[in-house]
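Quick heads-up: it's one chain on its own, the form predicted alone, in structure tokens.
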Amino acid sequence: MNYRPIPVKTHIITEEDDIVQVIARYAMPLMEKGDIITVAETVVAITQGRFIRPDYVKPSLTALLLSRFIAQDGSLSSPYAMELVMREEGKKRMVAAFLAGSLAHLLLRRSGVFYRLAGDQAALVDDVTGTMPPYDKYIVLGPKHPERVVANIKKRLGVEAAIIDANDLGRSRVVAATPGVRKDVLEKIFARNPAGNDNQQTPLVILKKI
């Protein structure tokens, strides 16, 4: 099935917003039967209040150590982001994932093992400057219970829905989707990041069936 992505501009979404109401207001008037609504994972997390200024985070010694071994273009290179993810996923899990990832890289030349083992939040967290203002001064964690969010969108609005994590580096991931969505198709579409990764202010993208 082929889809044409249509980015939808919204107001700056905050923790005061209900993501279902945002979709109903901006996207539903443009949608037809068979279309899919997608939402940026960072925006879903913001509506859940899952953001914090690094000033309020005190990194542990473990977070300080592990963050030094993360590539600088990764959010976990920040000890503040690393600390928050450790609190979410568990210190033991993060340390074990780091050790396994290091061994896989050194012995097998295999990358990505750390993120596969460390838990969803390790891949979803955005460090400061990773989000548009005013949230560029905050660390934003990944959304909580994303499967419940997409199920609620479908229940209340009657459309298939997905939460997407995409960037301008050609990487995309379906964080959660309703049963009628093919994740592999969406990940190919969002590898081009049609919503943009700057200040486009288009956290919703309608996939219109061709």
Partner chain sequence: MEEILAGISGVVLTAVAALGVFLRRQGDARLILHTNRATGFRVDKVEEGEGESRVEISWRMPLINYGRQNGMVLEVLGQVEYPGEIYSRLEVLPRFRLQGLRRDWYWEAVIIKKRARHVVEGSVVIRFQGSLAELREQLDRLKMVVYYKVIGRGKMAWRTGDLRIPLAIIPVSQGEGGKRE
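Treat the numbers as computed from the prediction; the structure is a model and nothing was measured. Positions refer to the first chain, counted from 1.
Just so you know, the form predicted in complex with its partner chain exists too; it's not on screen, but the next bit is about it.
Taking the partner from the other structure, its partner chain in the predicted complex has no heavy atom within 4.5 Å of any heavy atom of E89.
Though the partner is left out of this view, N152 does not reach within 4.5 Å of its partner chain in the predicted complex, counting heavy atoms only. Although the partner is absent here, T129 sits close enough that one of its heavy atoms falls within 4.5 Å of its partner chain in the predicted complex.
Shown alone here, P79 lies within 4.5 Å of its partner chain in the predicted complex, counting heavy atoms only. The single contact residue among S67, N167, T178, Q48, judged by any heavy atom lying within 4.5 Å of its partner chain in the predicted complex, is S67. Of the candidate stretches 51-59, 36-44, 159-167, 178-186, only 51-59 has residues with heavy atoms within 4.5 Å of its partner chain in the predicted complex. Residues from 108-141 that approach its partner chain in the predicted complex with a non-hydrogen atom closer than or equal to 4.5 Å are D127, V128, T129, P133, P134, D136, K137, in the order they occur in the chain.
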